[in-house]
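Below sits a lone chain in structure tokens, taken as the form predicted alone.
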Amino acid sequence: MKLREIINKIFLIEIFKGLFLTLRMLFSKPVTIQYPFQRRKIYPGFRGRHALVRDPFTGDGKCIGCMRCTTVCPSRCIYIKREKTENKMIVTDYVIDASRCIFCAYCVEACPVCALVLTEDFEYSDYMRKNLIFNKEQLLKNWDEFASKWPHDVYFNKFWQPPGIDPSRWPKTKREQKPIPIKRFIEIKKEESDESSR
């Protein structure tokens, strides 16, 4: 045993080092927050709960049933039922299994009409797996809930026009996608509820 190690053992140097570190951390700023009373700022591009974007003027989903989201999904968690009526493709059901999703947002990037979004809402855990399988109605409801909490008048998701890709390669509808007016949609829903209550 070396002389330095003997001195460390006699004078308990390592223990005093540990106590000093503990004392120093008592007076430093904490790195944790008191969730749920304190919340971190959600930055653009956060990938949270899935939602189908509701058209603010028609009130229906924007999905056209092109199947691109199902094609690019690496975890195969998107299922679409569609049928053709009068030369027009109608999406009868749109299902996302959120328990299998890896939140890569490829589906959002691939959508040519910006109909799908991973919202900034992250508080949707559940004990039952079946509650994490969202059908079309639930996905539209997710959008309604998200829109009612959104603090701004318009919404635009970062993945609708991802950086690093030449815009000339995007479909025309994706190139011309503008921020969606959130408040207008909420006003329409309020007007509808007022009319139904009369």
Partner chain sequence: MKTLYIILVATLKTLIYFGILMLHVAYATYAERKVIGHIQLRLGPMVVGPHGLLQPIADVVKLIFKEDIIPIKVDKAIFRIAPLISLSAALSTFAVIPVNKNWVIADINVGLLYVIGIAGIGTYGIIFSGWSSNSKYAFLGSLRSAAQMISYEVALGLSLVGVILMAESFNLTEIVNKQGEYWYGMFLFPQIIGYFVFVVAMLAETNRLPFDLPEAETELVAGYFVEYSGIRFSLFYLAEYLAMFCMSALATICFWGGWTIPPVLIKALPVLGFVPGIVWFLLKVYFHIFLFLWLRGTLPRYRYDQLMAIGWKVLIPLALFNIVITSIFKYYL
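Each form is matched to the other, and the largest set of C-alpha atoms that superpose within 1.5 Å is called the rigid core. Remember, it's a predicted structure, so these values are computed and weren't measured experimentally. Numbering follows the first chain given and starts at 1.
Here the subject shifts to the form predicted together with its partner chain, a form of this protein not shown in this document.
In the predicted complex, P30 approaches its partner chain with a heavy atom inside 4.5 Å. Heavy atoms of S148 never reach within 4.5 Å of its partner chain in the predicted complex, leaving it off the interface. Shown alone here, L26 lies within 4.5 Å of its partner chain in the predicted complex, counting heavy atoms only. Taking the partner from elsewhere, S168 is found to have every heavy atom lying beyond 4.5 Å of its partner chain in the predicted complex. Relative to its partner chain in the predicted complex, residues I15, G18 and T22 are all within 4.5 Å by at least one heavy atom. Figure note: of the listed segments 134-142, 58-66, 30-38, 156-164, the one touching its partner chain in the predicted complex, with heavy atoms no more than 4.5 Å away, is 30-38. Once the cores line up, the CA of L26 ends up 2 angstroms or more apart between the shown form and the other one.
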